[in-house]
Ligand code: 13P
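One chain is shown next in C-alpha cells, namely the form predicted on its own.
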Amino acid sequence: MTNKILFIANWKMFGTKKTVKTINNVIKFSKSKHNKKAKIIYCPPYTLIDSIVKKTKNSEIDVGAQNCHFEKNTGPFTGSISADMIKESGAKLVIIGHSEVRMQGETNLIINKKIINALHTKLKVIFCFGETLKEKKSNKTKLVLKKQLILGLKYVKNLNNIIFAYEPVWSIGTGKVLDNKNLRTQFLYLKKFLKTKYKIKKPTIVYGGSVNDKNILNLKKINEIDGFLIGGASTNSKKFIDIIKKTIN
C-alpha cells in the first residue's frame, strides 16, 4: 500500500472543534524534509472529520473514520453513519473491527459486511483483530487471529486496499506490550498466512496496543511491523510527533 511507515491516530471519543488547531504542529512536521519515511493518518470522531479534512488539505496527511454501518445506503439505523457518508465527508479510510467495538457485540459477520461495503465505496479499510487475555493464556492466539481474518475477509475483494491492524485486546490501554521476540513471531506468522491464504504479495500490518513515546524505541526494532495504530498518545501532538521521530530516525 505504501513504502512509508504508517502512523494512524485513533482519537476514539476525544476532541472538539477547538482541538483541531492542536494538530498544526503535526501538519508542519508532515511537510518538513525530515518526514520522508512517515505516512500520517488521523481518525477523529465523525463530528471532526470535515474540520480535519479541511485543515490537512494542503498536506500529505489522510483522514479516516473510526467505524461505519454495514448497510450501504440510508435506512432506519439511528445514530449510525454509512460508508457513503464517510466518503462524502472527505475521509479516505475507515477503521473496522476495533476491539472496543467488538466488545459491544460486533460479530465477525457484521465486520465482514462492513469491510465489503467500505471497499465497495472506495474507502481503504483499517481492519483490526486481536486476542483477549483469556485467549492468550489458553494458547489460542493463532487460532483466534486466523478465525477473525478468515471470517472478516470472506468474499472480500481488493485486499490490497486493506491495512491490517494487529491489536492484542489485553494490551490496549493497559501499558502492557508483548515482548519483541513473541511480537515478531506473531507478525511473521500473520504475514505468511496472508501471503499464502490470500496471495497478498506485501501485506501491510500495523501494531496497536499501548503504543507511546516511551516504548516506541523498543517496538521500532521489529522490522516486520509496518506502522502503528496509536490511541491516547496521538491526541497529544507533541507526543505523537515524538513517536514518529523516534521511529523514523
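From a predicted model like this one, the values you see are computed outputs, not experimental measurements. Numbering starts at 1 and follows the sequence shown.
Note that the form predicted together with the named molecule isn't included here; everything after this is about it.
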- [ ] Check each of I172, I111, I86, I162 and return the one that places a heavy atom within 4.5 angstroms of the named molecule in the predicted complex.
- [x] I172
Open item on the list: If we define contact as a non-hydrogen atom of the residue within 4.5 angstroms of the partner, is S210 a contact of the named molecule in the predicted complex?
Closed with: yes
Open item on the list: With the partner left out here, check for me: in the predicted complex, does some heavy atom of K239 sit within 4.5 Å of the named molecule?
Closed with: no
Open item on the list: With a cut-off of 4.5 Å between heavy atoms, is G232 one of the residues that contacts the named molecule in the predicted complex?
Closed with: yes
Open item on the list: Taking the named molecule as it sits in the predicted complex, is E167 in contact with it (heavy atom to heavy atom, 4.5 Å or less)?
Closed with: yes
Open item on the list: Looking at 190 to 198, 210 to 218, 25 to 33, 57 to 65, which stretch has residues with any non-hydrogen atom within 4.5 Å of the named molecule in the predicted complex?
Closed with: 210 to 218
Task: Contact set, 91 to 128 vs the named molecule in the predicted complex - heavy atom within 4.5 angstroms - done: H98, E100
